[in-house]
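This document opens with one chain alone, in structure tokens, the form predicted on its own.
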């Protein structure tokens, strides 16, 4: 085995976290039981660049149970749980290259180590592994059967690659499955982002003005949870349809230039760059708190904030105080990286159960359809969504109605109308 983790002796606490997560991921457990019997990935090398968390560990264990040789690196330098990484190596025999707090150079060296096994399938969270493979190892990229992508940010990157004609193998946009984005993005991001902010600051959200930048599924979930905590929620958007939806959902909508003047908490969830820029920071009041829950650390202009500040001080774990020339204090959480993973534990296993079940099914789909898939971005078939949703409902002991034959016929015919 090859690996790079902080300390193998941390494995005991990591194993407990993995077991806890697996106990709360019944759909993935059902798929793992199936894969253990069938061994559909026997002899396959799979390279993954995902957040090294207990939930990701459950997916890696599932892929190994299916017969695959798996290597994993982190998709964010601050999201790695070192004890989980140690347990994956020591207790489960899975090769991991990830240490919490890795530098950018170390981060990409870890990705390079994952690609040493020449994977036939790649699993990505943000697209860094796939982009590195395309730019640095193009000959190897052409041998890959297909890959998956977990995030909105990554899917945007891969659709751009497809449009530019540079995508070398098909990508399954796991993020675009209904049992992923309607639950993981909305309920997972909403809860885990609030969790990260509270752990970092221990401040009261009730009564505050809470600015959510972006009203995609992640923004929807965050706005809903902040409102539930008693905040006055302001949404900023560039899309008129989403902005209108936010208004109809009961939120105030305004440009960031105006929101900057009144906000107490600011959280970006857009997938775009410099959503909070220096012009906004200059208008913020003393004590404003900035955080990001989008995948990459580009949504807040951290470099500009650093240059603007006359002093920078660590005041709490994952909280930096930036003092500006006029004496105003701005607090940045988790270095502008994913606050829900850097300051907290990421999405709960209950919701990642569905996301990673989609990943497990996506790998099988790639294997079975690799000779038919083109160099494009695909979404998994609807029947996989329905299967995962049905398994989740069953695990929750919830039953639903079934269509009668008469109802099925009515929905597929056109003759019958008003009586």
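Numbering follows the first chain given and starts at 1. Because the structure is a prediction, the values reported are computed rather than measured.
Absent from the display: the form predicted together with a small molecule. The rest refers to it.
**Q** Of 40 to 48, 370 to 378, 26 to 34, 349 to 357, which is the one stretch near the small molecule in the predicted bound form, taking non-hydrogen atoms within 4.5 angstroms as near?
**A** Stretch 349 to 357 is the one.
**Q** Just give me the single entry in 115, 341, 144, 290 that has a non-hydrogen atom within 4.5 angstroms of the small molecule in the predicted bound form.
**A** It is 341.
**Q** Taking 4.5 Å between heavy atoms as the contact cutoff, choose which of 297, 264, 102, 345 touches the small molecule in the predicted bound form.
**A** Partner contact (heavy atom, 4.5 Å) among the options: 345.
**Q** Should residue 53 be classed as touching the small molecule in the predicted bound form when contacts are defined as heavy atoms within 4.5 Å?
**A** Yes, residue 53 lies within 4.5 Å of the small molecule in the predicted bound form.
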